[in-house]
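One chain follows as structure tokens, the form predicted on its own.
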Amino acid sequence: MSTLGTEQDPLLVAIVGSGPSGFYAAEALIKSDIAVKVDVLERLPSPFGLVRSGVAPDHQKLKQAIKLYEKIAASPEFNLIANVTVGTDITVKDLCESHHAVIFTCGAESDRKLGVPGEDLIGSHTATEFVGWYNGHPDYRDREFDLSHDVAVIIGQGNVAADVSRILSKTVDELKQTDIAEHALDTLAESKIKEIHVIGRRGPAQAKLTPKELREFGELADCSPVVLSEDMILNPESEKELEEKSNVASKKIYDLFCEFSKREIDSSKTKKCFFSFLMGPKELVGNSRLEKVVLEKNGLSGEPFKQSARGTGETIELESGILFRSIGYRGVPIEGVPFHENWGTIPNEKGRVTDNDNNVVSQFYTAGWIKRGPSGIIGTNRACSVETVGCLLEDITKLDDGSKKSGAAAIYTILDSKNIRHVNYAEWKKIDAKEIERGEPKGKPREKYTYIDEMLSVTD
């Protein structure tokens, strides 16, 4: 009879990724009625994933979720093993041998491509690069963004597109007391951008940013939102979408766009942020770097809530020296783990990882964006992780193969043999405290370390 899950034989689970879904999975395991030990592996020396490096610096309230994660991390069953890359520093096979189960919660780390000519020109960037850069993510610390042009184009109308366009629209005074990285603040202070164009392939009724995000554009110190009144004319299918009681947010967004379209442009403000609809990129043009964006006008077809955008053949050109694409994210495969290339996710059934033949892969589970795709808000990951952990606990007898698992001890042995410097949660708290201390003289919540060696030097 299996004793797995008892105090004498606790369930050992490795979680790959320390973002929201990783913490919520750890919480669900710790709150279960069995004995567990949870080891969370993180590629960076800092935990919290996109809450730390994805949430916009001027949206500090959204980062309050970290307070909950800190409580989870304080549990004796929780252990952080950071500054370790699964797939290189430690293999998936190693985790299978050291733990009873592995949950992959590594998010969606790359952007979807536009798939148009000229996409790789200098001046054409992903939203992920820019967001990581201004948030002090070590992967993007040394990226360069030329803001010496008059016009910036953002392709997409979701919350990330809103963040990028809002950061470009704000003054240094509006940003300097956030936790924006100092190098980004210095570059933004020299920005020459006067026009920001936020392009959506569908109409105003289908824009995916939140009402709160959109409302902020009407309150900026030196930037006016601009919406053309003719763009507010909807087709019958879009009108039906907004009539649905369940579609309250989209109706609020549409009403805000309508309000912007009736505003007089404030001539005292030096910047304008244009929201344009029913257009998509056809081509990016330039000799060695981006010079203009060719946009094709779209038409909508299909029934309400299933409308798709189709090009009409009519194009317009927009001169621009910098472009950011924000049309969705996709996961990155890990060696030894099934991956659905078209979807950019790990194939699964309610969090149980499956292979190409739809067979459940023993020991493997997944949660978060790498499980379901980039959808929902921070809190959405909780239910997603709870579902996955529920399936894992249902499988507990199958996870007991009779072999002795050593958990973190086995991982440390491998890492030490490779001279890989790993960071525990107490060491992360030293980095955290130092960042907060560095921010105090500047009136900032923190001044982040943007290089990994700087972070590690704090823990030595």
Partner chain sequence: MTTIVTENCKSCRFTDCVTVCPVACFHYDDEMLYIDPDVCIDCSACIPECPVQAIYEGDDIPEDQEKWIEINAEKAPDLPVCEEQMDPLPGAEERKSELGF
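What you see is a predicted model, and the numbers here were worked out from it, not measured in a lab. Positions refer to the first chain, counted from 1.
Not on display, but discussed next: the form predicted in complex with its partner chain.
Shown here without its partner, the chain carries 81, 330 and 420, none of which come within 4.5 Å of its partner chain in the predicted bound form through any heavy atom. Among heavy atoms of residue 297, none comes within 4.5 Å of its partner chain in the predicted bound form. Proximity of residue 377 to its partner chain in the predicted bound form: non-hydrogen atoms within 4.5 Å are present. In the predicted bound form, residue 64 approaches its partner chain with a heavy atom inside 4.5 Å. Using a 4.5 Å cutoff between non-hydrogen atoms, residue 265 does not count as a contact of its partner chain in the predicted bound form.
Only one of 360 to 368, 238 to 246, 142 to 150, 180 to 188 lies within 4.5 Å of its partner chain in the predicted bound form by heavy atoms, and it is 238 to 246.
Of the listed positions (391, 68, 30, 433), a single one reaches within 4.5 angstroms of its partner chain by any non-hydrogen atom in the predicted bound form, namely 68. Scanning 382, 202, 372, 352 against its partner chain in the predicted bound form with a 4.5 Å heavy atom cut-off leaves one residue, 382.
Contacts between stretch 165 to 187 and its partner chain, counted in the predicted bound form as any heavy atom lying within 4.5 Å, involve no residue at all.
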